[in-house]
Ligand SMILES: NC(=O)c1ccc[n+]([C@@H]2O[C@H](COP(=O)([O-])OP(=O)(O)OC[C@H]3O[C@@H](n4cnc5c(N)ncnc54)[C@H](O)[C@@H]3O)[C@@H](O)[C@H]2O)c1
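Below, in C-alpha cells: the form predicted on its own, a single chain.
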C-alpha cells in the first residue's frame, strides 16, 4: 500500500522540476493527480519557462506508475483557468485531498533599479498566484469533509537575504504569512497547511546563466562549475545542490499521514546554510 492510496492531489508548476517530481512520487504512492503549468514563456523571465512538451512528459511518467492524471495548461495568475482545471479534476476523480502550490519564477535585479513590470510579475506569480491556487482548490477539500493537506513552496530566501532578489524574497516571505493564517482558519476542518523552504534545487529555474551570474557577480561569464563552487560555499553540509526528489520527500511527509498533526510550520531544507 502507498502512503497516498485513494487520494487526489492538485499540483501547480507540474510540467518539470519540483512539480514533476511531486506528481510522479505522489502517483507512485497511490494518488491521482490534477496537474497544471503555464506552458508559455513568462514575460520578464530570462530563462525558458515550461512548455507543452514538458507537461506531456509529466503526464507520461505519472501514467507509467499506473495512476491517473488530468493535466491542463493554466497560469496561476488566471483564477478562472485554475478553477476550471480543479473543477475538471473533481469531475474526473470525485475528490480532492492535497494541494501543492508549487508554481513560481525567479528573476534578478537591484532593488531600486528593477522595473515595475518585473516586481509586479513576481508578486503576481509567486504570491498572488499561490493565493488564487488555494482559493480555487481548497474549498473542494473542505467540502469533502475528510480533512487534507496544503503545502506551499516558499524558499530559503525567507531566512537568508540575497542581493538582487528583493521581489522574490518579498513574495516568498508573504507566503509564510498566508500559510499561518490559513492554517488557523482551516484547522477546524482538519486541513493542515505548511510551507517548505528549499535551498538551491537543481531545476531549470536554477541551472541557467542568470542564476550563475547571481552567484558569481565577480565573473563576466560564469559557468555551471563556477556557480557550483559558490553554491557549495553556502552549505554547511558537503554538497552543492539539492535535487527535486529531496524536496519531494519533505512534501510527502507533510501531505501523508506521517504529517497528520503538523500544521502552521516552516520546513527548511537548507543543508545547514543558515548555520
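Numbering follows the first chain given and starts at 1. These figures come from a predicted structure and were not determined experimentally.
Although it is not shown, the form predicted in complex with the ligand is what the next lines describe.
- Message: Only one of these stretches, 136 to 144, 152 to 160, 183 to 191, 87 to 95, has heavy atoms within 4.5 Å of the ligand in the model of the complex; which one is it?
- Response: Careful reading of the contacts points to 152 to 160.
- Item | Listed residue that, although the ligand is not shown, lies within 4.5 Å of it in the model of the complex (heavy atoms), from 171, 99, 103, 179 | Looking at 171, 99, 103, 179 one by one, just 103 meets the 4.5 Å heavy-atom criterion.
- If you check 127, 166, 81, 201 against the ligand in the model of the complex, which one has a heavy atom within 4.5 Å? Answer to the contact question: 201.
- Is there any non-hydrogen atom of residue 16 lying within 4.5 Å of the ligand in the model of the complex? Residue 16 belongs to the contact set for the ligand.
- the ligand contact at residue 205 in the model of the complex, heavy atom, 4.5 Å: Taking the distances in the model of the complex, the answer for residue 205 is yes, it comes within 4.5 Å of the ligand.
- Query: Quick one: does residue 65 come within 4.5 Å of the ligand in the model of the complex, counting heavy atoms only?
  - Reply: Residue 65: no, not in contact with the ligand in the model of the complex.
- Message: Contact with the ligand in the model of the complex for residue 38, defined as at least one heavy atom pair within 4.5 Å: yes or no?
- Response: Because a heavy atom of residue 38 falls inside 4.5 Å of the ligand in the model of the complex, the answer is yes.
- Residues in 59 to 82 with any heavy atom within 4.5 Å of the ligand in the model of the complex: Contacts from 59 to 82: 74, 75, 76, 77.
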